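Below you will find one chain, with nothing else, as structure tokens; this is the form predicted alone, and questions on how it binds or moves follow later.
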């Protein structure tokens, strides 16, 4: 972000779940260039991905919440996300640059996140950080991101029980590619810009841990039930590594307004935070002085 420039980003995602029910996520992010090297962001997210609290009967919830007969997830405010990125190294030239930045992020979530994979897109409370390497040459750009997520446990105290759900720790190593399809050469800043973009999201995370009244709750019995819904739940709780491809067409207007239209599909294994295909439509705007 340029210094003293304000921007916002509207994130809209949707998919059909295991039972062909529609799931949605909406995020609204504010961005600000605090200095020429430091960008800060904050986002509020809402979705129908989670319950506010884990129901009283834990085993009934674990076994049945992915069945079509289980009650529908409500649409809830998920939480708030905070992000800061600092540019460490910058080598700029004509139609080329090499940049390295460090980032840190944290989320406070208000919902019961019950998947093994941690996500700081307001799904669960936690913190993380990493490095971003970006290379631009003429009309082609590539970026490599390494990062980690450390989740904070979700805790719930009822009259007769104490429950703690700890999502796994995550290591991320993402690679993205962008190509300016149009125009081949700029005439003015008002030229419409069309980019093709592809990002490989790669995550490796540890298994979830559930504690019930101070004792470990073993969910391995789910794989022995053998139903599609219980196998889905089990696979979403154990350790996993996967690669997901997100392909996007970007439209930029007046150098300040951007629309992203894209789809995400699994490449190796899969994420259990959502089903596929995941469709997204994002809008971003900068307010230049």
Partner chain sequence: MRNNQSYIQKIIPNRCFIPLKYLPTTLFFLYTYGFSNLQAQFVSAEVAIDGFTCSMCALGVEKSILQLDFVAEMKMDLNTSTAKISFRKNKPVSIHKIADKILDAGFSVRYINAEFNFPKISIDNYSIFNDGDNEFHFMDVNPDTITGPITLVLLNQKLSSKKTYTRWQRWIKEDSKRNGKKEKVYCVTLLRH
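Remember, predicted model here, so these are calculated numbers, not experimental data. Numbering follows the first chain given and starts at 1.
What follows is about the form predicted in complex with its partner chain, which we do not show.
The stretch from 210-218, 83-91, 169-177, 151-159 that comes within 4.5 Å of its partner chain in the predicted complex, counting heavy atoms only, is 83-91. The single contact residue among 200, 189, 133, 75, judged by any heavy atom lying within 4.5 Å of its partner chain in the predicted complex, is 189. Interface residue remark: residue 283 is not counted as part of the site for its partner chain in the predicted complex, having no heavy atom within 4.5 Å. In the predicted complex, no heavy atom of residue 264 sits within 4.5 Å of its partner chain. The closest non-hydrogen atom of residue 96 lies within 4.5 Å of its partner chain in the predicted complex. Within this chain, residue 138 lines the site of its partner chain in the predicted complex, having a heavy atom no more than 4.5 Å away. The candidate spot formed by 16, 79 and 276 is out of contact with its partner chain in the predicted complex: none of the three has a heavy atom within 4.5 Å. Contact residues in stretch 1-39 (any heavy atom within 4.5 Å of its partner chain, taken in the predicted complex) are 2, 3, 36.
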